[in-house]
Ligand SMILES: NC(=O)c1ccc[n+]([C@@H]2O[C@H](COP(=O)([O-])OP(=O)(O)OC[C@H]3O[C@@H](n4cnc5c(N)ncnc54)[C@H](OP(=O)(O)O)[C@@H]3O)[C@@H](O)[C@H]2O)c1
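Here we start with a single chain on its own, the form predicted on its own, put down as structure tokens.
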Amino acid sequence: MSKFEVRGKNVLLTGASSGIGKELALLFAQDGANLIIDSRPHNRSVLDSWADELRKKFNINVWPFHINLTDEKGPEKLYETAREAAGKIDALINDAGTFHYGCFSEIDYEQQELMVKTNVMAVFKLTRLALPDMIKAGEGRIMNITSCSAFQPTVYHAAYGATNSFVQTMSEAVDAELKGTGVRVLTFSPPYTKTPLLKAANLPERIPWFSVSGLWDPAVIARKGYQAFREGKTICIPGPMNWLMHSIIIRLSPHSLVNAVSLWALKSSK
């Protein structure tokens, strides 16, 4: 399969003001894609500054939006305004997400509800909204960014892992349905990455699992995701150890064993 050409294409990218999303925006811009980027309203000044920098440096069109995807009609508003601004959406990257660490019964209820709205409903809606236009055009690509937690129960971030599992299985099934349409739905599942997401989640600075999967740099992770997107990989788990663990070992192990190991591996080692 030939690489997906991004030059001159209109790419809608959520969660673009920091972390992996910001690094992905840079990679798309370097290759000449026009960008429709979104982040939460409180990141308005950061996103607007980033959009201006990309626009001037790479001579591309960049449209920043500050739409809250947890609002009841937030995803619909973003897709419609993005399409009106750019004319059409050639590619969609669902990167926006939230994460909370701790015991399920102790993490604030409303925070977890907003996480489900961001990680599940926003991705579900944007994917569903974009597909008909792409199918009609006979080409298009969607990449939904999940995490390694998508492939097994994840203690101390139970709901977060579950949101990623939803997106992972939905994306794989939809991609199979799209065979022959010229449209693909891909997933990118990074391990723990040094982003503001982890800091906001109160993840401990040291957990035993870091010695297995590492704590990755967002620029490195973004490059791997971008390459997987261009190459059309249905599933991408960065790093050979992470791929082996989540694609094979965990899938062949009973959940009772996985949970027992997770209780140790994902607990603070301070």
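All residue numbers refer to positions in the sequence shown, first residue = 1. Note that the coordinates shown come from a computational prediction; the quantities given were computed from them, not determined experimentally.
Below: the form predicted in complex with this ligand, not depicted.
> When the contact criterion is heavy atoms within 4.5 Å, does G97 count as touching this ligand in the predicted bound form?
Yes, G97 sits close enough to this ligand in the predicted bound form that at least one of its heavy atoms falls within 4.5 Å.
> I'd like to know whether L197 contacts this ligand in the predicted bound form, with contact meaning heavy atoms within 4.5 angstroms.
Taking the distances in the predicted bound form, the answer for L197 is yes, it comes within 4.5 Å of this ligand.
> Should T193 be counted as a contact of this ligand in the predicted bound form, where contact means heavy atoms within 4.5 Å?
Looking in the predicted bound form, residue contacts with this ligand include T193, since a heavy atom lies within 4.5 Å.
> Considering non-hydrogen atoms and a 4.5 Å limit, does this ligand approach I237 in the predicted bound form?
I237 lies outside the contact set for this ligand.
> Within 4.5 Å, heavy atoms only, which of L69, A222, L54, I36 is in contact with this ligand in the predicted bound form?
If I apply the 4.5 Å criterion carefully, the residue I get is L69.
> Give me the residue from S247, S18, N259, S253 that has a heavy atom within 4.5 Å of this ligand in the predicted bound form.
Looking at the other structure, the residue within range turns out to be S18.
> Can you check 25-33, 225-233, 56-64, 41-49 and let me know which stretch has heavy atoms within 4.5 Å of this ligand in the predicted bound form?
In the other structure, the partner sits against 41-49.
> What residues in 141-166 sit within 4.5 Å of this ligand in the predicted bound form, counting heavy atoms only?
Read in sequence order, the residues that approach this ligand (within 4.5 Å, in the predicted bound form) are I145, T146, S147, Y160.
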